[in-house]
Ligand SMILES: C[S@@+](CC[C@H](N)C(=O)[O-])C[C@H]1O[C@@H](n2cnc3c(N)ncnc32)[C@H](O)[C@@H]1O
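Here we start with a single chain on its own, the form predicted on its own, put down as structure tokens.
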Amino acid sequence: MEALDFSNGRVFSDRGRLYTASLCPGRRIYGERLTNIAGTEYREWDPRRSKLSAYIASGGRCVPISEGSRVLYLGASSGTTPSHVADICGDGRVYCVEFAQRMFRDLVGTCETRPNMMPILGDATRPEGYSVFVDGVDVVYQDVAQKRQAEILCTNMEAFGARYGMVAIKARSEDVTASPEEVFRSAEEVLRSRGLRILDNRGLEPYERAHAMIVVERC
């Protein structure tokens, strides 16, 4: 098991598969493979089930999340990727915002197994609605499949004082008539106009079609 150099020993690779060191050994979240090596349990992180894992599997190394990070996760769904983010954060905190009530019920169950995860039922376009639950954060991670994805990221970074942001842009959610490349360029323009520096913009194929991960830092 080899620790990836950007991850401070929290993300690992073995024979082409990605893993995180489990924060809660013995507990699966979505049927993932568990592997125990020298007393440490690792959870396989499937890039076809997680856009963040797909980004890393595609060669992305700009992941500003590490031990102790406080992360606002927008579009947490049932908690698959947030649970791996929680493994990486360790004694940090992952604020998990989800809008759909059905998925939120599953998210609550996931958070019960991870003490550093907080489930929040909320609308990512209205950060004032959940600001009472969220202290200042280091990173905003967004996976919300709707229009104005870049603007939503910026608004939340500003609201909670985040230095870094990651947004999984789904081109077809923005504009079905434009090419994915046009959508990604437009998102970059929005991010720059809001005072952010682009650290990486990387397509997620073959794991996700017409998707890109954009990583930003406040200038």
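For every residue, the number given is its place in the sequence shown, counted from 1. Keep in mind the model is a prediction, meaning the values are calculated, not measured.
Below: the form predicted in complex with the ligand, not depicted.
Heavy atom of Val108 within 4.5 Å of the ligand in the predicted bound form: No, Val108 sits far enough from the ligand in the predicted bound form that none of its heavy atoms falls within 4.5 Å.
The ligand contact at Asp123 in the predicted bound form, heavy atom, 4.5 Å: Although the ligand is absent here, Asp123 would touch it in the predicted bound form, with heavy atoms inside 4.5 Å.
Exercise: Pro119 in contact with the ligand in the predicted bound form, heavy atom 4.5 Å: Looking in the predicted bound form, residue contacts with the ligand do not include Pro119, since no heavy atom lies within 4.5 Å.
So in the predicted bound form, is the ligand close enough to Val137 to count as touching (4.5 Å, heavy atoms)? No.
From first to last in sequence, which residues of 10-37 have any non-hydrogen atom within 4.5 angstroms of the ligand in the predicted bound form? The stretch does not touch the partner at all.
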